[in-house]
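Just the one chain here, laid out as structure tokens, in the form predicted on its own.
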Amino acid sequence: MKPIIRKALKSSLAESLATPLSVDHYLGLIDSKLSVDEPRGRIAEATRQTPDSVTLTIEPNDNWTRPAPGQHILFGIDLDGVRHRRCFSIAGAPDENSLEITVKRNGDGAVSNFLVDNVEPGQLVYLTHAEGEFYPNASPPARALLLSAGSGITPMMSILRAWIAADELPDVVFMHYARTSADMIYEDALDRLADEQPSLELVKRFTSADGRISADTLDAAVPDLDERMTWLCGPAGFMDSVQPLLDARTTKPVFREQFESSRREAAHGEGEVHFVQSDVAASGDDGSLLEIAEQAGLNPPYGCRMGICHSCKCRVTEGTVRNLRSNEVQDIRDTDIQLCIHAAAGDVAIEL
């Protein structure tokens, strides 16, 4: 959209003419991807690399701004008239005009299962601008270790592709864990890159045959670990296993990206939760504050449910809460918190 047209559509005159609807409503009659401000996109390709995943190539509108390597987005899709939002890492290089994410099936997850089983090119999706500081470096280090498991491979692909696109690929060991070869997303792409790039060493470990990561396997694969900056991403159990191994072997920076709360299973609380605006009270014993609100019949906004996207942030008027990641208990007043990663540790009053 040309800047002069965007400026005209954002004017008070255009807004008043569109009232009681919005300018975006009328743009949508032309093309639902059009919007004055909102990043939106349309799925151009849907590729099933493995039976339980789908890689989506999305063509965004011109409200989208290019991300930094290793960042994530809040991805929205309408299912049965309800807009659902989930957080996914970007797997493509930042300089690409399209946007690539890979979604793995996630238990009973409505969004991931729909995308894996049913999504097709042409689907309209809603985006946010990319966020995250998984890759804070302005330039690559001399030596790097990209260490991932499962879907943790996706932000690694973004970092690796960014280095290659900028012709700045350092000496890299890319070590990835999957259950089997059939479960490994991006295996073919990584095999090709390892053949093309002499400074890229690919180490694939399949837990069904090789077992989980250990000190011996890490020492054998990366004997010069103490000379490498490390990027680490994967499921909570994998991250918890790897961190002590890294701590014992290197003082170089270790950058972590974790899309699960390792303490999520301890989401029990105590006390009473009072949702002030709705005038609803509920026991705080069972679940996070987000789950308690939903069990009480409320519909607070949420996205990732992992404490990443901040969509569920809400003001606590007064109360005692426990952070499910750090287990820290705080007495707070007039403070915004993420409902998905906090439980009641006493009586809590929430502006919801």
Partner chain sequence: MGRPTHLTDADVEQLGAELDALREEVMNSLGKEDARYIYRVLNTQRFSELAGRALLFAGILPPAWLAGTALLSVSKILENMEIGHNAMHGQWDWMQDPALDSATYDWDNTCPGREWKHSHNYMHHTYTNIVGMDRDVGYSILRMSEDQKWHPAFLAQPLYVLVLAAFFQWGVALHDLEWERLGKDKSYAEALSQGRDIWKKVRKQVLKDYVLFPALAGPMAPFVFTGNMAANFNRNVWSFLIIFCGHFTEQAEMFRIEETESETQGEWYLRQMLASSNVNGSVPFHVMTGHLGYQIEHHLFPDMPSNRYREIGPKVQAICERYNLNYNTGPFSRQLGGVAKRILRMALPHRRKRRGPMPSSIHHKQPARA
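All of these numbers come straight from a predicted model, not from anything done at the bench. Numbering follows the first chain given and starts at 1. Take the two forms, find the largest set of C-alpha atoms that superpose within 1.5 Å, and that set is the rigid core.
Another form exists, predicted in complex with its partner chain; not displayed. Remarks below refer to it.
Chemist: Could you confirm whether residue 64 comes within 4.5 Å of its partner chain in the model of the complex, counting heavy atoms only?
Modeler: No, no contact at 4.5 Å.
Chemist: Give a yes/no on whether residue 299 approaches its partner chain to within 4.5 Å in the model of the complex, heavy atoms considered.
Modeler: Output for residue 299 is yes: heavy atoms within 4.5 Å of its partner chain.
Chemist: In the model of the complex, is there a heavy atom of its partner chain that lies within 4.5 Å of any heavy atom of residue 281, even though the partner is absent here?
Modeler: Result no; residue 281 lies far from its partner chain in the model of the complex.
Chemist: Is there a heavy atom of residue 143 no more than 4.5 Å from a heavy atom of its partner chain in the model of the complex?
Modeler: Contact check for residue 143: no, nothing within 4.5 Å of its partner chain in the model of the complex.
Chemist: By the heavy atom within 4.5 Å rule, which residue out of 80, 216, 108, 167 makes contact with its partner chain in the model of the complex?
Modeler: Checked against the cut-off, the match is 80.
Chemist: May I ask you to list the residues of 1-35 that have any heavy atom within 4.5 angstroms of its partner chain in the model of the complex, in sequence order?
Modeler: 13, 16, 17, 19, 20, 21, 25, 26, 29, in sequence order.
Chemist: Once everything's superposed on the core, is residue 48 shifted 2 Å or more at the Cα between the shown form and the other one?
Modeler: Comparing the forms between the shown form and the other one, which are aligned on their rigid core, residue 48 does not shift its C-alpha by 2 Å or more.
Chemist: Superposing on the rigid core, I want to see if residue 65 changes position between the shown form and the other one - specifically a Cα shift of 2 Å or more.
Modeler: No, its C-alpha moves less than 2 Å.
Chemist: Core aligned, does the CA of residue 314 move at least 2 Å between the shown form and the other one?
Modeler: Moves: yes, 2 Å or greater.
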